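Consider the single chain below, provided in structure tokens and representing the form predicted alone.
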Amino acid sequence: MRFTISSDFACSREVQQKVMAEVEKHNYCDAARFAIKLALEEAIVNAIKHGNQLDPAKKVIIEANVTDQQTLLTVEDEGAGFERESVPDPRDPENLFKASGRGILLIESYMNQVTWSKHGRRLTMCRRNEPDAPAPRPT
């Protein structure tokens, strides 16, 4: 599945519904469904808000490949990009009470594989359909 949407949160809801319907068709366990839903929403919100700076002229491209074994998702924006290492750790004491900054940590915590490319503009993530597949912990 491939979707191209404008940088509008309302446009992202239909994409999320279609991807999750496909995940449901493949009988994913509760843990994997939760992880995919959370990570997809966070990735799209980050692409719209932080990547494309809410510019409706800029697009977000979402790709989803769902099989019985795993879901592979790619979210790409048209923003300036960023270096993953430069994002502050929300677990650091000075960041604990900030209202934002946890999306990347959640994505990396719940998905089995996460890769940033194109200078941070492209996020590829994978979640296996396994209830006890622990996601790698961010360092």
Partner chain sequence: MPQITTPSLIIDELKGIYVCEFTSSRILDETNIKEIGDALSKLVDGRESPRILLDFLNVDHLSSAALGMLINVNNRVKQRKGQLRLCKIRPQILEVFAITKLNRLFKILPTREEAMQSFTTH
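Being a predicted model, the structure only gives us computed values, none of them experimental. Numbering follows the first chain given and starts at 1.
The next section is about a form of this same protein that is not shown, the form predicted in complex with its partner chain.
109 is the sole member of 52, 70, 74, 109 with a non-hydrogen atom within 4.5 Å of its partner chain in the predicted complex.
Of the residues given (26, 58, 98, 84), 98 alone sits with a heavy atom within 4.5 Å of its partner chain in the predicted complex. When contacts are judged by a 4.5 Å heavy atom cut-off, residue 79 does not count as touching its partner chain in the predicted complex. With a 4.5 Å cutoff on heavy atoms, residue 18 does not count as touching its partner chain in the predicted complex; it lies far away. Interface residue remark: residue 30 is counted as part of the site for its partner chain in the predicted complex, having a heavy atom within 4.5 Å. Interface residue remark: residue 13 is counted as part of the site for its partner chain in the predicted complex, having a heavy atom within 4.5 Å. Contact check at 4.5 Å (heavy atoms) against its partner chain in the predicted complex: all three of 34, 38 and 42 pass.
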